[in-house]
Ligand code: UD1
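One chain is shown next in C-alpha cells, namely the form predicted alone.
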Amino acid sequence: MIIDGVLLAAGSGTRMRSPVPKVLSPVLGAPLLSYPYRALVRLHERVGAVHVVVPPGGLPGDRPLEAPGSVSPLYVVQERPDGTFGACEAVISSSAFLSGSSTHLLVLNGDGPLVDETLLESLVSLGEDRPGALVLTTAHLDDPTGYGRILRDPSGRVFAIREESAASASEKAIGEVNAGIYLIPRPILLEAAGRIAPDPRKGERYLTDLVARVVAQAGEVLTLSVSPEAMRGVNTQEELSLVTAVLRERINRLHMGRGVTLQDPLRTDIGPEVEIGPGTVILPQSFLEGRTRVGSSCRIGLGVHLLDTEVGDGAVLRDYVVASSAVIGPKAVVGPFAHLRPGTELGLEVHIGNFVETKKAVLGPGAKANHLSYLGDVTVGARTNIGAGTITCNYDGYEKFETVIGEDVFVGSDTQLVAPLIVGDGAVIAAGSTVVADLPPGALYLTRPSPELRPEGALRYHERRRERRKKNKRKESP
C-alpha cells in the first residue's frame, strides 16, 4: 500500500469573520492546518506525498506550512467550490498524482487539528488488511445535529451516509455520524471521477456519496470508530479557542511527563514543535513557539515569549523577556524586560539585564550588559562589561555598520559607540564618552567637556522660571 495524504483546505471559513484564512488561524503559534499536516507526515514511510487543496487564490505567505522531514506539501488548486469530492477530484487530476504510484488517498479536513498519528495508523492498518475497501471514520454523539448520519443495514454493514439536510426524522435520531476522515483506494476514486452528482440544495459534490456508489457496485465499506474529540473541527472563533485549549493540555502533559515543571499549565502556551529539557521550570503566562529549543535545568520567568530561539542548559530568563531567532548560551542570565532580536547570540554565562535590546549581537563568554542599553550589529568579546545607557550607533540613516569590541573591555555608562568601530582588548572607555574612531588595545578613552560651576546659578534659573510663569498667567487672565 502506497498512500498519498490529502488536506482539504479550500473552504472560505466565513463564520470565522476574520481576514485570515481559517486554516491559517494561529493555534499555539502554528497555523491550524499544520496540525493535521503534522499527523500525516508522522506516518513516515507510509505517506509518499501530502496534497493540500487550496482555493484559487492559494494561501497567503511564502511558506504557510513548514515541512518537518522529507514530505513537502504539494498545493493543488480547487478551481470551483464544489465540495469535498470536487477537492479530491482536483488531486487525482493533478500531475503529481497522475505521475505517482500511490494506491490510496488518506483524506483529512484541514480545520481538524485534533487528529493524531495513532488514529491514522489504526485507519491505515485497517486498510492494509482489506486494500480494496473504502475505509471511513465514524463517531457516536449525544447530539449529532449538523453531521451526516451513518446508515447501516440489519447486518450492521454501512450502505450510505445521509447528510442532515436530506435525512428523515428517524435518520436524524441516529447518533453515529461521519467523522470526516477517509482512506480511499485509487480505483474507487478514478471510477467515480465525473460521476458524482452535485447536491441539489447546495450544488456541491460530497465524498460521502462514494459510500452508496461502492455498495451499489458490491464493494466493501469499513468503518473505524473514533472519539468525538478527534473529529472536532473549527468553524468559529469560539471553536478555535476550544481546540486550542485541548491542544494546550495535550502538549503540556507531554512536557510534564518528560520532567518539565509548569507552575500553571492552564496559563502556559507551548507550540507543537518546541523542545524542552528535563528539570526546566516555566512560570505562568509564558509563550514558547516555533522551533524553540530549551535545554535542561533552565528557569523561564513570568510572561516570557520565545520564538525560534535556542536556550542552553541552566540558563535563567527572568520575567518578560522577549526573544526571536536568538541563541542564549548555557548559564546565561537574561532580563527582566530584555528584548533579544534576530541574530543575537549569547555565550556561556552572559548577562543581559533589564531594558537591554540586542540585534545581531554576539556576546562572548562572561560578557555583561546589565542595564538600559542597545547593542546592534556588534561583536562583544569575553568578560567585557557594557555600562548602563550604552548605545551602538549602527545606522547612519542609509546603511548599517558593525562594531567590534574586544575582550576584557570596560565600557562606561552613557557611552555612544559610533560604527564602524573597533575597540581593542582591555580598553577602558570612561562614562559619558562618544567614540568615533578605533581604539587600540589597553587604551583609556574619555570625551568629557570641561566642568563649569556657577555659584547660585540654580537660584537665578528658578527665579527666571517663576517670572515666566507670572507673565503667562497675566496673558491668560481676561
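Predicted model, so just to flag it, every value in this text is computed and none were measured. All residue numbers are counted from 1 along the displayed sequence.
Although not depicted, the form predicted in complex with the named molecule is the subject of the following passage.
Colleague: How about E289 - does it come within 4.5 Å of the named molecule in the predicted complex, if we only consider non-hydrogen atoms?
Modeller: Outside the cut-off, so no.
Colleague: Is there a non-hydrogen atom of V304 within 4.5 angstroms of a non-hydrogen atom of the named molecule in the predicted complex?
Modeller: No, V304 sits far enough from the named molecule in the predicted complex that none of its heavy atoms falls within 4.5 Å.
Colleague: Taking the named molecule as it sits in the predicted complex, is P81 in contact with it (heavy atom to heavy atom, 4.5 Å or less)?
Modeller: Heavy-atom contact with the named molecule at 4.5 Å: present for P81.
Colleague: Does the named molecule get within 4.5 angstroms of any non-hydrogen atom of E345 in the predicted complex?
Modeller: Answer no; every heavy atom of E345 is more than 4.5 Å from the named molecule in the predicted complex.
Colleague: Heavy atom within 4.5 Å of the named molecule in the predicted complex: which of N109, T390, N394, T268?
Modeller: After the contact test, the surviving option is N109.
Colleague: Of L224, V211, A87, I92, which one comes within 4.5 Å of the named molecule in the predicted complex, counting heavy atoms only?
Modeller: By the 4.5 Å heavy-atom cutoff, the listed residue in contact is A87.
Colleague: When you measure heavy atoms, are L340, G353 and V409 every one within 4.5 angstroms of the named molecule in the predicted complex?
Modeller: No: none of L340, G353 and V409 comes within 4.5 Å of the named molecule in the predicted complex.
Colleague: Could you tell me which of 397-405, 178-186, 269-277, 304-312 sits within 4.5 Å of the named molecule in the predicted complex, going by non-hydrogen atoms?
Modeller: Only one stretch qualifies here: 178-186.
Colleague: Between 149-173 and the named molecule in the predicted complex, list the residues on our side with a heavy atom within 4.5 Å.
Modeller: Contacting residues: I161, E163.
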